[in-house]
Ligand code: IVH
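Only one chain is included here, represented as structure tokens and corresponding to the form predicted alone.
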């Protein structure tokens, strides 16, 4: 939804009213006042209803683009028929919602108003022209261009440098006091201090505004955890941030990986004189606030459009959601002169990006078989344009997702596209069902080899049941195609992409991943689209992969429950593939941090006759299957069998450098502190890992002790 309509988590009091149409209509010239009045009332009801669904129930029925179109139609009608404008119209106020009743109310001394929208360079030029005309003379403005974070707006108040209150935007005038919850966000400082060593006075009173959000990677992880528990998933990162901040128990909020960007100065008493938005942003950074990266200062509109385009280009690579860029006239003196028109500041606007969500219909499901035997659904859609790209399919992850969504063939779906990855289904738009939907039928046989399917818990230990092919991977084409690609990717054979791996299997060049090391130059040159350059590049990558260490080979074999860390532990302990193959369950499980489930999986892998043949084929090809044992301290690696966790910042070592020094001596690097951790290396500004180590009685080494350890 556009920024001006967004409301922070309150009950609107709007009932579930019937709406006549969710489709915006072109404004017909010559409408009678009565016709216009009826349409205006209808649009207001729709907007209020969709506001309530979006912000109160976290369960929108329309996409952002559909909502924006309805809003623009209402604004156009009110401009043509100003006598129809009423104080309670969505265009005349920030919000129709009330703050959530559980929290104390806060009246903002400086209202938290919204922004107008522009959608093109022409719209931006017209906005700029209006601002210039309002001042009765031409101004050579400068501008800041900032990302428009799709999160939750908050106001933070500091007195004598101490955080005394944090509140939501609410309706722009009254919000919710959520100070305890905001204090759990580590990027919000409790006490201000200059990070550049300055002795300048801290403002006696300071209010800043920012946007709380959940990183995309953290959102994906949270939804996976909720799915494993069988709980309702969040629709998007913004909803997850809103739901986290409205928790009555701040300890729950503390467990959610929220973050914040500070973007504006509301008021300040004392402190340095700030004349521009650019100076304010730099001031925020000096005080320890988190400011969005890559903010640009534009000298003219061409530079502004260039900066906006740059944000749009890198949108898909960011770990936070943005739905546009915010352009502000930089000079505060000009800002004061321009003021507001209605509820919109004349000195700022939001350049909105194309929507990344759309509603389409599920026409069918195809099933893909992966390396581990899982059979996964892929949604086939009515083609729909999302963000300039025609989307024809979307991932459904697994059969459990089909059941959680209550998915049926012909269902209307809300689909989201992010980046170049395949889009995903967000939800079923149940209110748009027609009665022609039919149940999804799970395949009884593998679509690749025809073997019976079975349903059982995921190999990874997840509670979600998955559908599996019961055949051996060597007898199921799809499983082996995927295994060849997986092995090649882990081994660094980048020229063996997924399509090429599948093609080589289908054409008989590779029947398993061991055949990779027996490809001949003349075989490749005989293929279409394989010239000398691409052939030599692929063969060189294959040859180089032979030299990779043992832990990389163990990871590439795709043994269930053997990931990066466990592969390192196995290599450090056994030093050769032959030693690991000869080990029994007890010997493997005895390795600290390995576990019996992983040990059983490893023994089962080497008990498979087909696997043993492929391993021998790899050995015969000259692949490295041993790691040299560094003779230290009586003939073994000095730190073999020891697990280290690093936290904080070391002065003389980078994180990767420190980890490599430990690994060379046989140590295993852990990502979190547990009872199996032997040592924690604690640098400056060590955080929760240090605290947990102290609680568990784990040995803690400072940088000086670490240096002695690796140099001795």
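These numbers come from a predicted model, not from an experiment. Numbering follows the first chain given and starts at 1.
Here the subject shifts to the form predicted together with 2-(butylsulfanyl)adenosine (IVH), a form of this protein not shown in this document.
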Is there a heavy atom of residue 513 lying 4.5 Å or less from a heavy atom of 2-(butylsulfanyl)adenosine (IVH) in the predicted bound form?
no
For residue 487, is any heavy atom within 4.5 Å of 2-(butylsulfanyl)adenosine (IVH) in the predicted bound form, or not?
no
Contact label in the predicted bound form: residue 114 to 2-(butylsulfanyl)adenosine (IVH), heavy atom within 4.5 Å
yes
Should residue 400 be counted as a contact of 2-(butylsulfanyl)adenosine (IVH) in the predicted bound form, where contact means heavy atoms within 4.5 Å?
no
What is the one choice in 149, 379, 178, 469 with a heavy atom within 4.5 Å of 2-(butylsulfanyl)adenosine (IVH) in the predicted bound form?
149
Of 153, 223, 535, 479, which residue is found within 4.5 angstroms of 2-(butylsulfanyl)adenosine (IVH) in the predicted bound form when only non-hydrogen atoms are counted?
153
Options 522-530, 308-316, 604-612, 256-264; stretch whose heavy atom lies within 4.5 Å of 2-(butylsulfanyl)adenosine (IVH) in the predicted bound form
256-264
Are there residues in 161-188 with a heavy atom within 4.5 Å of 2-(butylsulfanyl)adenosine (IVH) in the predicted bound form, and which are they, in order?
169
